[in-house]
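This document starts with one chain, in the form predicted alone, laid out as structure tokens.
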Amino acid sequence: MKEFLAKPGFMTDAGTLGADLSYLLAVIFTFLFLISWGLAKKGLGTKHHKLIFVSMISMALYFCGYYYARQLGVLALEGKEGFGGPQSVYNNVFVPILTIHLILVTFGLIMAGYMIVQGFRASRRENGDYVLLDQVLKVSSGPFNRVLLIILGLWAANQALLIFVRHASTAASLAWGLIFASIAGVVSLEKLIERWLPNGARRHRILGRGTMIVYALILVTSTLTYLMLYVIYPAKH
């Protein structure tokens, strides 16, 4: 997978196939999310539901595979490899932007899963169309605890794979540990969110807007990272 992603790209002379695909798909997914958001604003619940569901699942599958192959970008934080600019720019500009980008991607992937589940819970089909329910939406303790146990099990399985199969670096293991901790944190925050936004329909709309802002920022940081790596400061071979 690493060898495939490292092949020459098609957008710039210095770019790689993985970087070009990643950036192009970031643009496409953001565009699809904006269309889906527009459908929701028009009250077209079913069209919004189908488009956002397919888009988010596709985005999650691709970026999980891509960042898993790249060890979540931690290799870029461990050294200056791939960046051809001055060390001061690397330390003070590139690394902060990349760090923010990775945090936003992680949060965006978590919110994608959360919003899909919350969307199903907060809606029902009426006359063949999805409609948000204007009512209190809460989760009971039993399912809540089972979800936390599943997350713990997935983290343990992933750590075993990283250590014994992929022989990943400590930074990569730590990064994935932080991801699963973030997922568990978001799930735990559901109880707080229930108190803050007890109405399921209102919760979905407000968190949906926030998620769209996150995806827009992902595109901005992705664009800046791509430009700095492959246009402004490409590595000198």
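In this text the structure is predicted, and so the values were computed from the model without any measurement. Heads up: residue numbers just count along the shown sequence, starting at 1.
One more form of this protein exists, namely the form predicted together with a small molecule; it is left out here, but the text below deals with it.
Interface membership of G177, defined by any non-hydrogen atom within 4.5 Å of the small molecule in the predicted bound form, is ruled out. Contact annotation: I116 falls within 4.5 Å of the small molecule in the predicted bound form, judged by heavy atom distances. Residue contact with the small molecule in the predicted bound form: Y62 places no heavy atom within 4.5 Å of it.
Mapping the unseen interface onto this chain, I183 falls outside it, with no heavy atom inside 4.5 Å of the small molecule in the predicted bound form. Residue A112 is the only one of A112, L162, L98, L137 with a heavy atom lying within 4.5 Å of the small molecule in the predicted bound form.
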